[in-house]
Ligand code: PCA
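Heads up, the chain below is alone and in the form predicted on its own; it's given as structure tokens.
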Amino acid sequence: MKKINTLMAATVLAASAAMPAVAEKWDMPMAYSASNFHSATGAEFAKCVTTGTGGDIEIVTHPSGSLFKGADIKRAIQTGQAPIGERLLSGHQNENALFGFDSVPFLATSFDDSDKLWKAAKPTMEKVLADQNLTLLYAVPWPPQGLYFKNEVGSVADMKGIKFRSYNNATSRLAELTGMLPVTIEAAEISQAFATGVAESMVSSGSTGYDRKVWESLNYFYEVDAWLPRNYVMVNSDVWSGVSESSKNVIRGCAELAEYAGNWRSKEYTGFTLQGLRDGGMTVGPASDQMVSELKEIGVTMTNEWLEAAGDEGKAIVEAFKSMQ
């Protein structure tokens, strides 16, 4: 609470120093439902900026992929179709392997390790984004990723032939190595995909499953804590360069507060959503020892593949992360 109060005070002070300018409306596309904690955090960030700048910059959020579909959000920000937005950057690992640093299986499997990995990767990610005309404002992790299935699964062999929802290179590769069939599905389309049988499984957090009420179609959630991917809020760098220094200070303060609140929410939401899955009728619990062992072997393969694709910068991130252990 002390940190939150300090940040709020800093934001208010910065706002009081801001001089009125021509009001701007920033539409902020977001891929996940309004009830998702990332979207809720983004809405509070938007309100903080709007209030803090005295309406000089009004940010209006558009959740559920209503303005741009998830896969199109990053490009929309880069090209100025939207000044600001939120995106799961690992969804663009095909552009640059470095975007997948937070989706390397079993590299960082806890919130503490995820935080360390982010500290190791942040300078590199800021540079990569800057080269794409994007300025990072804040990033928030999802809860640990687990495996959802319609039917009981006890080993990798049991997964063969199952239609698996993928959302980035890592999830597609995981499907291939387990014998599942990857089907690319955005977050906003999850409920329909499972209801119609387009997909029968996915790796995701309890949060996504809870928000989309997947218990209506799926029956099992296995806690494997594979990784903790991050959502990123970015602003078009050309737009950012035109923002007054006083408004930038407000936005930075609101972003720091949002990152802190988002991290806290993610941790709290983990237990809440898993219980929500249970209440919906799903069986929730740890995966079998055999499944965990087999998945970790696959994780080694995927880690080596990512390190090769990410080159020296990727290796430097992993080495910096491991030095913090």
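From 1 onward, residues are counted along the sequence shown. In this text, all values refer to a predicted model and were calculated from it rather than measured experimentally.
Another form exists, predicted together with pyroglutamic acid; not displayed. Remarks below refer to it.
- Checked against pyroglutamic acid in the model of the complex, the candidates Ser204, Ser114, Ser201, Ser247 yield a single residue with a heavy atom inside 4.5 Å, and that residue is Ser204.
- Scanning Tyr138, Trp142, Phe164, Phe99 against pyroglutamic acid in the model of the complex with a 4.5 Å heavy atom cut-off leaves one residue, Trp142.
- Taking the partner from elsewhere, Thr208 is found to have a heavy atom lying within 4.5 Å of pyroglutamic acid in the model of the complex.
- In the model of the complex, pyroglutamic acid lies within 4.5 Å of some heavy atom of Pro229.
- At the 4.5 Å threshold, heavy atoms of Ile84 stay clear of pyroglutamic acid in the model of the complex, well away from it.
- For the chain shown alone, Tyr269 is not a contact residue for pyroglutamic acid in the model of the complex, no non-hydrogen atom being within 4.5 angstroms.
- Per the 4.5 Å heavy atom criterion, pyroglutamic acid in the model of the complex is contacted by stretch 164 to 172, the sole one of 150 to 158, 105 to 113, 164 to 172, 234 to 242.
- If you take 57 to 89 and check each residue for a heavy atom within 4.5 Å of pyroglutamic acid in the model of the complex, you get just Leu88.
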